[in-house]
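Heads up, the chain below is alone and in the form predicted alone; it's given as structure tokens.
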């Protein structure tokens, strides 16, 4: 009988190497086959492009509002007057349905940024134009079911259970904000 080969003593043969190599190629091939399916679950590029928008505030005068679209929803941007700021800050927070102070809803007192969708049934409240009905609190009014919002976008009267949502936003400089 001949002496065992050195590679057989350690349990490593050419067959073992080929099995490991085939397994590695199979795993890599499987990953390449599955990747398109996994990648299809990511948001589309056009959706990602809408995830953030930059808005120039320099054209909005005090007392005026602007509506922009973000993620398929209207966002109300209002350049508030001193009277609107004072009115919003003097409200007793404990008297509100959704208890939020004005300071919790704005980053700079003169700028209010809120998603323009009524929290009752998803209608678009009136109040962006000077000629619109602004409701009993000089903010926004949803004529569908009678919800009244104040100059801070807080629900003050009517069936809406929550304030107008404040989207994530940041000031890039004094005249530009990034929403999203």
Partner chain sequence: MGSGPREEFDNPVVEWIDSRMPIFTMLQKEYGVFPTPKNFNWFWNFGAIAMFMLMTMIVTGIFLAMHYTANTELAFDSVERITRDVNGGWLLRNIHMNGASFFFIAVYIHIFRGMYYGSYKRPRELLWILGVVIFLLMMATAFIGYVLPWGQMSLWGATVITNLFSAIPFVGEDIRTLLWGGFAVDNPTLTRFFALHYLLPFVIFAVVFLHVWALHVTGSNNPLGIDVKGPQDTLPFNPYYTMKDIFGLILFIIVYAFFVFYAPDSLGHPDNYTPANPLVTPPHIVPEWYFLPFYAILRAITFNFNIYMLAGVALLAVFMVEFIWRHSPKYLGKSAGIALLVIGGALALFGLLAGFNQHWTIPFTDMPIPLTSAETSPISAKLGGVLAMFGSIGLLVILPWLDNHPIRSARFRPLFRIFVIVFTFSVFVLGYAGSQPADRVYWSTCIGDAQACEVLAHGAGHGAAAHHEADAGAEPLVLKFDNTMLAQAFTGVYFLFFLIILPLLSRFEKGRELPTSIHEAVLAKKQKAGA
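Residue numbers count along the first chain shown, from 1. Just so we're on the same page, rigid core means the largest C-alpha set that superposes within 1.5 Å between forms. Quantities reported herein were computed from a predicted structural model and do not represent experimental measurements.
Heads up, the form predicted together with the partner chain isn't pictured, but that's what we're talking about next.
Chemist: May I ask you to check whether residue 42 falls inside a 4.5 Å heavy atom distance of the partner chain in the predicted bound form?
Modeler: Heavy-atom contact with the partner chain at 4.5 Å: present for residue 42.
Chemist: Quick one: is residue 36 in contact with the partner chain in the predicted bound form, heavy atoms, 4.5 Å cut-off?
Modeler: Although the partner chain is absent here, residue 36 would touch it in the predicted bound form, with heavy atoms inside 4.5 Å.
Chemist: Once the core is aligned, does residue 30 move its Cα by at least 2 Å between the shown form and the other one?
Modeler: True for residue 30: a C-alpha shift of 2 Å or more.
Chemist: Does residue 39 show a Cα shift reaching 2 Å between the shown form and the other one after rigid-core superposition?
Modeler: Yes, the C-alpha moves 2 Å or more.
Chemist: After the core is overlaid between the shown form and the other one, has the C-alpha of residue 172 moved by 2 angstroms or more?
Modeler: Stays below the 2 Å threshold, so no.
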